[in-house]
Ligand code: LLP
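What follows is a single chain, given as structure tokens, in the form predicted on its own.
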Amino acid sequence: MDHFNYHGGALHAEDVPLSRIAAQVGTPVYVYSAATLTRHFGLFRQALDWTDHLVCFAVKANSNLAVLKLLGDLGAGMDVVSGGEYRRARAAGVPGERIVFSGVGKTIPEMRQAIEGGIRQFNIESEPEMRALSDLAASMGTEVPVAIRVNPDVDARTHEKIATGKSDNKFGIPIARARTVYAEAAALPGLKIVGVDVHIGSQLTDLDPYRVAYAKVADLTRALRADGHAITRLDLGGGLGIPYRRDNNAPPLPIEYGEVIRETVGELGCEIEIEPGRNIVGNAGILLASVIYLKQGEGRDFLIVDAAMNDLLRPAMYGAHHDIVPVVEPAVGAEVRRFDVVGPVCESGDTFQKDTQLPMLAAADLIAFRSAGAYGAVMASEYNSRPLVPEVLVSGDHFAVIRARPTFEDMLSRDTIPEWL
């Protein structure tokens, strides 16, 4: 469920007509619904209300400060994968004790930043990282909480570029070596073992891979406790999928995901951490764009819009689908045509959909790319010297620009021409 619906023949974000946002902010522009963010976060908390838990939002999905503050004020923790994301979480008012630091390439300055600023735990991804963190923490005269990320070699049945739990992925320590690595961690200064971490991928639409992975984590937890380790937390990752196509079967609900967690690891008595990103923010956002031209090609027609692959990279990068809808609701029985929906960037890959059926549209008409709140604005660039797309947050009948579109002067000012040119 989201809060982007037609009212009186016009698509709204909550109670705000998208046409009003387009008129005031321009297009392309990302638009987020506060009500949808709130609802989706609440569903995950409800799914785990049978146990102690912390729902940590995966900041990589959408790192806008307003989005992070909204979720943080609701009680969310944050899962960060860089020093920059850590700074964003803290700038949004999230305390260090609710921030989990993940990622395979943490640098010493990033580790130091998190230790000094406060951290709930580091999720360790390799032995070299573990030793580096130990040396740093010991040199600072402190002890930091850690969980070790294990790779369970489970096929998440998702896109190969977002699968993270197979043996040939770069993430985590092979689960077969976990007891040896935990033994080394226990002997190192500056580290306090608190839990086990696992994450098998993103956009999962089947709960069975979770069952398999979490059963392996449960067995490992029992073995580690037998080895003398105090395992009090299980970080089970995120990755629950969302319905990018409205005409497909819906993915599992958070409450169903919570039941899988209860069935597989509930009897261990651990605090549960999960790190949803896409499922909280994906359907809470749309990308609003305008039609520039209708172009007749050889055997196909092109709908050229002012959004491009630098604004929404997912179709070009992953072959991802986003439903495209007109902002003005088409009349029942209105004429439809097939278009390739493309952007203005000078790449053939700047194509959002091919041979898609849409009502007749004209230059300046508005369209919306649905389910664009996750991995949209965060992956945007200034390719072709196109300004970064702005972001807007809607709450009820009002909205605010939460990231402004930079001017060309802003863009040019970041470059420096050497004196000798």
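Heads up: residue numbers just count along the shown sequence, starting at 1. All of these numbers come straight from a predicted model, not from anything done at the bench.
This protein has a second form, the form predicted in complex with the named molecule, left out of what is shown; the following refers to that one.
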The named molecule: the contacting residue among 264, 121, 203, 221 in the predicted bound form [heavy atom, 4.5 Å]: 203
With the named molecule left out of view, choose which of 209, 277, 326, 83 has a non-hydrogen atom within 4.5 angstroms of it in the predicted bound form. 277
Among 231-239, 177-185, 300-308, 87-95, the region lying within 4.5 Å of the named molecule in the predicted bound form by heavy atom distance: 231-239
Does any heavy atom of residue 379 come within 4.5 Å of a heavy atom of the named molecule in the predicted bound form? yes
Can you tell me whether residue 58 touches the named molecule? I mean in the predicted bound form, with a 4.5 angstroms heavy atom cut-off. yes
4.5 angstroms heavy atom contact with the named molecule in the predicted bound form for residue 41: no
With the partner left out of view, is residue 106 within 4.5 angstroms of the named molecule in the predicted bound form by any non-hydrogen atom? no
Give, in sequence order, every residue of 66-80 that has a heavy atom within 4.5 Å of the named molecule in the predicted bound form, or say none if there are no such residues. 79
